[in-house]
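Below you will find one chain, with nothing else, as structure tokens; this is the form predicted on its own, and questions on how it binds or moves follow later.
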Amino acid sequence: MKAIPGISRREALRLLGVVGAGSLLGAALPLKARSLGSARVVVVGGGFGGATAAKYLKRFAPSLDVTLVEPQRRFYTCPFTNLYLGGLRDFESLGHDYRQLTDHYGVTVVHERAEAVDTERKEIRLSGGAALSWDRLVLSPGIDFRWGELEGYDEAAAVKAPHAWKAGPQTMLLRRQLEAMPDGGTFILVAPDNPFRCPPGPYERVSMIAHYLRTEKPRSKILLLDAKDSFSKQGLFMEGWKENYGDLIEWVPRSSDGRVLRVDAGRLEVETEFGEIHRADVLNVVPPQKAGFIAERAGVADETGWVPVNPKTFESTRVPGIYVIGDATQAAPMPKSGFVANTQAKITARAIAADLAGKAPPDPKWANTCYSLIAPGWGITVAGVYDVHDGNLREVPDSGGVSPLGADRSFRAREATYAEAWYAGIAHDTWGTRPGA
């Protein structure tokens, strides 16, 4: 991909879809209410995908009966948790509620856990025992972990060696461990093989933790053990690490024995493929992943653990009438990111509204922009636009790019500012809230 030239704040926001939410959807006009009757759509998952889908279903088709099922009354985002770990954000600033969805858009929000899906009766069973019927079902369940696939790493081990790959108690646990770590200690992050949620996430995390350690515990070191030989925005990260942190961060790729095969959480030790033992003072293990468990129970996940979808609408290829968006899907080359989930949700909401009205879905395009912070005032970006070509998802040629290598500090500072604007904008677009509201 080519480098993104310097862009203004307004241009950046327009690229993100914050200024015009219908820019990739065609005209975002509601379909006639009389054509939809009282059709019921249930959406499972209240993150970037699910909350956006519920909101835009009501925008595109106000007469729809839309119910959002999400156990948390306040949703905390994975994006920007790394800034919390680095001491640049308060955790509560990452929380969002659902009042705007209910009060302004008329979405019914049920704070229970979706436990099972009956595809024949078109019902979803909730943790409280009730069942919801649906004409269309949208699943945005995020990820679950493949516990035990990495020897020694299970839910019990995560209490001592947190993954912190879902925002919440695990994130706060990792922060407390970093605060308690002695100056001169070693932080180890174990990065998984593809695919996984947020491809640049582990590398932004070590960047932010490096900032914290350089400030508070300057004799410490970071070891990044990676199951891959390359990663998203690699050149930009490594340039930024050298410029900001010197040799504080050591990245060990798979070809140099970076792949971890065994974890001993009690001893805070990991063993690599060739038998080397590394011991940490704080151990952060990002395990192999799969689609959230409700995808399995609905029968839409395949043997890979992820969900194959119709590339034009994101309807399941295994169970008609069920649509799956966000991290749970097989949607390469789109990454598993919050921006992608938000964009997929809008396209799928439009497709469902059109289907229920007896109309053909529009030809879709999706966008992604992913900001990463390497240090305060040092941001980097990757962006892309995607469409369907010859029946498959693809990145539109020459549509995106990455930040240029060798840019000056003022350029990096602008991108850090754009990152903050992106988070504020997408939070407002998804939940109707401002960060921390």
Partner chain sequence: MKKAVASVRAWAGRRGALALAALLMAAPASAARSPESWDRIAPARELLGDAKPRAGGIELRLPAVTQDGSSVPLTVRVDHPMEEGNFVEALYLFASGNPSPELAEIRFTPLAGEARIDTRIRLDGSQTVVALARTSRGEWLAGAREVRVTVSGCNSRSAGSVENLMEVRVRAPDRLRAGQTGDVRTLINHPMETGLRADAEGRVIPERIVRTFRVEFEGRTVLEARYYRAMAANPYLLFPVAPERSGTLSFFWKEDAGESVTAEASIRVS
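Positions refer to the first chain, counted from 1. If you're wondering where the values come from, they're calculated on a predicted model, not measured in any experiment.
FYI, the form predicted together with its partner chain isn't displayed, but the following is about it.
Student: Looking at 124 to 132, 210 to 218, 257 to 265, 94 to 102, which lies within 4.5 angstroms of its partner chain in the predicted bound form, counting heavy atoms?
Tutor: Answer to the contact question: 257 to 265.
Student: Is Pro335 close enough to its partner chain in the predicted bound form to count, meaning some heavy atom within 4.5 Å?
Tutor: Because a heavy atom of Pro335 falls inside 4.5 Å of its partner chain in the predicted bound form, the answer is yes.
Student: Answer yes if any heavy atom of Gly106 is within 4.5 Å of a heavy atom of its partner chain in the predicted bound form; otherwise answer no.
Tutor: Contact with its partner chain, no.
Student: Any chance Gln177 has a heavy atom within 4.5 Å of its partner chain in the predicted bound form?
Tutor: No, Gln177 stays farther than 4.5 Å from its partner chain in the predicted bound form.
Student: Though only this chain appears here, would Glu395 touch its partner chain in the predicted bound form if you measure heavy atom gaps against 4.5 Å?
Tutor: Yes.
Student: Would you mind picking the one in Gln234, Asn244, Asn310, Thr119 that has a heavy atom within 4.5 Å of its partner chain in the predicted bound form?
Tutor: That would be Gln234.
Student: Sort through Glu155, Asp90, Asp229, Asp183 and report the residue having a heavy atom within 4.5 Å of its partner chain in the predicted bound form.
Tutor: Exactly one listed residue reaches within 4.5 Å, namely Asp229.
Student: At 4.5 Å by heavy atoms, is each residue in Gly377, Glu420 and Thr433 next to its partner chain in the predicted bound form?
Tutor: Result no, not one residue of the spot touches its partner chain.
Student: May I ask you to list the residues of 304 to 322 that have any heavy atom within 4.5 angstroms of its partner chain in the predicted bound form, in sequence order?
Tutor: Residue within 4.5 Å: Thr304, and no other.
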